[in-house]
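A single chain comes next, written as structure tokens; it is the form predicted alone.
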Amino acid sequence: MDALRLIQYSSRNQCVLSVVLHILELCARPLDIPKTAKTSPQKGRISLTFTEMARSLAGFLVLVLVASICEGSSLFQPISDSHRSAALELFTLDHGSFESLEETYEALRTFQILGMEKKPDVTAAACRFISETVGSSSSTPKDLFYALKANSIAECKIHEKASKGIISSLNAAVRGASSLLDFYYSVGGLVLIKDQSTKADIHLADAEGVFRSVKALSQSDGRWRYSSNNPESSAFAAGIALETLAGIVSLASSELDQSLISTLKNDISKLFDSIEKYDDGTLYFNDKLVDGHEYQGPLSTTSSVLRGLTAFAAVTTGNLNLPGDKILGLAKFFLGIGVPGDAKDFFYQIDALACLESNRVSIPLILSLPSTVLSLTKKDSLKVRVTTVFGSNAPPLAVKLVGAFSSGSKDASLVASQELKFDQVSGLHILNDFSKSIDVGSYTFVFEVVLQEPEDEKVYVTGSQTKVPIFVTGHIKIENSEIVILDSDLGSIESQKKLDLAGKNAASLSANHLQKLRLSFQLTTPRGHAFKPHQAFLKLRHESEVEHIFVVENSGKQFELVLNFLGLVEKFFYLSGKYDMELTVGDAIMENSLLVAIGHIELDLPEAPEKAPRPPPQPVDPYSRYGPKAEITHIFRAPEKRPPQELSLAFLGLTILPLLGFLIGLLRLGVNMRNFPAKPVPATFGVLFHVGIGAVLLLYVFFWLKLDLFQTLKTLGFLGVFLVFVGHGVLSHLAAASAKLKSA
């Protein structure tokens, strides 16, 4: 599978794929060991840092969480309420309406197919949009096409005069069409107005000639070109062509040459010969990326082909001779996508499924399971539902479980073929009792759907057999759990503690480097078979937070781990003291997976040699840098002693004296306003000059009270430029006036 297909497959089966990948990964290796882990010479003993161990535990927990999230999922599910909620989020209004008639139609069509009662009320805005388009003489066939498409749902009133104008315009467009899209919009518009108008008798004058013109763009592989000038063909264009030809057939005044219809049916068969396939049986059409402007993805291309196929089948007689499995594969493709995040893709999906829900080719029936995880402990029943793609009831049928195989095994089926019992109230096919051969584990169940009425086989398609992955979980019985300290030489038991791994434990042990520790327990499935979990390991954590991980090996039902401390002193970094013990036993199908503290052990290890390895530095929490900092204690210098208040006031008076002297000097000089300009422009300059002087004085006050030196100098610079400009104007006027007086 190439990169593009892998991305598409993952997007369609994200939940199931995640579970499969995690299970495969854990099956391949019993413990997720980082490359930086240090392995002891003794088999199965690993020393990990705290971070590495956390990473391993996180991987296991992710598996359990993903499995629980996917519990309600099955291979393919019909359309549900999640699609209705997504429709409201994707099709959002812009100021009470949609941006274009095309988007308006797609939203209205989606709401109509999903049968949504709570939806945006856009009828009034849509009718205004439609009326403007059909009433405009400059509207293109594409505009008219989408206006009529939207009107087929909005049911707005179109005046008879406007209808005649549309018919005339579209007929002219058909006669002048030179490309596939020209035919598509013009012929499609005529079909729409014929369906919406009861009075109009619309027929193509030369339907057979138009049919041949469109057919001339077809290729030998069933694909179509957009125009005779474009050598590249596509399956998306084939869908458009089929829909166009279906419209031509419906607009023909007489029956067309049947050889043309037969040839077109052969083209459809050739087109379906080029269909592409995923490993899970889903089928789709895809185009090569030739022209970025015309390229359509698998979703839009497959939707186009389905829309054209069902439109053509609706206007012709006879069978198209398409295998039902291919129609079922197309249905699985659209259902496997999930809920697209784009409004355009969402419309393509819903519109294609609507074509599959009701057509003259084949109506696919989808087998789905409410849950693919069954519990032996809870005695869950196997429940199967068979519906159409939109969840409608299927005709009378029987569902058989023809086989159950252990995942990855090629052995014979674990169960005999049996029919599930149908519950008319819930509409489910149910199997209550499992075979004794079905124990906890992952299986592949094979189902077969058989229609009871021969007539239904001509309408519906069920496929041959459907394989569904099933996970059977259960409560694993844990017995004979004990932890023992052994003498290293004789193997005699120094101390022994029984453990209750399902409850609380507080075992307190002590040992030296000449002794051994043995941990043992048994795991049994609900059917009494030996059970081997994906993860089983013991963790010892020293007081200094240094951790060591040891895998617990098994032999049949018995799990046992023996630690020879004499061979582990170097791996333990010669650290004596208290070690907390924690046992982890877990599996995706083990309902009682455990992560339990079983007590502690006091180890007395020899002193570390001079060149012994040191314990690794413990990881630092990266979020600790954002925590509270240490408190800083600081004593500020005592303020200097200020002078007496009277002295300060005396100096303030001395500062004001020059200003008083300035005012007295002005009075003695006889300052007056006799030379103030009388003309408007010079007078304005004079007023602004004096205001500027006042602003400078006010700036000094603010400098004293609030502003710093830099702010004051910046403001003074602007005021200085202003004063130079207005002052120059005033002085120029005074100089001119003085020159006139002297000359007089």
Partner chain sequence: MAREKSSKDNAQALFHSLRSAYAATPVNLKIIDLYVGFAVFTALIQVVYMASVGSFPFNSFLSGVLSCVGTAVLAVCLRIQVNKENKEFKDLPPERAFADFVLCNLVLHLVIMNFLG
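Residue numbers count along the first chain shown, from 1. Whichever C-alpha set is largest while still superposing within 1.5 Å between the two forms counts as the rigid core. Every value quoted in this text rests on a predicted model; they were computed, and no experiment measured them.
Keep in mind the form predicted together with the partner chain is missing from the figure; the text below concerns it.
Peer 1: Tyr146, Ile202 and Ser233: each with a heavy atom within 4.5 Å of the partner chain in the predicted complex?
Peer 2: Zero of three within 4.5 Å in the predicted complex.
Peer 1: Taking 4.5 Å between heavy atoms as the contact cutoff, choose which of Leu490, Val425, Ile632, Leu669 touches the partner chain in the predicted complex.
Peer 2: None of the others qualify; the residue that does is Leu669.
Peer 1: If you check Ser508, Ser648, Ser495, Ser168 against the partner chain in the predicted complex, which one has a heavy atom within 4.5 Å?
Peer 2: By the 4.5 Å criterion, the partner-contacting residue is Ser648.
Peer 1: Among 370-378, 536-544, 652-660, 508-516, which stretch sits within 4.5 Å of the partner chain in the predicted complex, heavy atoms only?
Peer 2: Looking at the other structure, the answer is 652-660.
Peer 1: So in the predicted complex, does Leu688 come within 4.5 Å of the partner chain, heavy atom to heavy atom?
Peer 2: No, Leu688 stays farther than 4.5 Å from the partner chain in the predicted complex.
Peer 1: May I ask you to check whether Val681 falls inside a 4.5 Å heavy atom distance of the partner chain in the predicted complex?
Peer 2: Val681: no contact with the partner chain in the predicted complex.
Peer 1: Is Glu640 a contact residue for the partner chain in the predicted complex, using a 4.5 Å heavy atom cut-off?
Peer 2: Glu640: contacts the partner chain in the predicted complex.
Peer 1: Hey, in the predicted complex, is Val726 touching the partner chain, heavy atoms inside 4.5 Å?
Peer 2: It does not: once the partner chain is placed as it appears in the predicted complex, Val726 has no heavy atom within 4.5 Å of it.
Peer 1: Sequence order please: the residues of 447-469 with a heavy atom within 4.5 Å of the partner chain in the predicted complex.
Peer 2: Residues within 4.5 Å: none in this stretch.
Peer 1: Align on the rigid core first; then say whether the Cα of Val671 has moved by at least 2 Å between this form and the one not shown.
Peer 2: Yes, the C-alpha position differs by at least 2 Å between this form and the one not shown.
Peer 1: Aligning on the rigid core, do we see the C-alpha of Thr655 shift 2 angstroms or more between this form and the one not shown?
Peer 2: Comparing forms between this form and the one not shown, the Thr655 CA shifts at least 2 Å.
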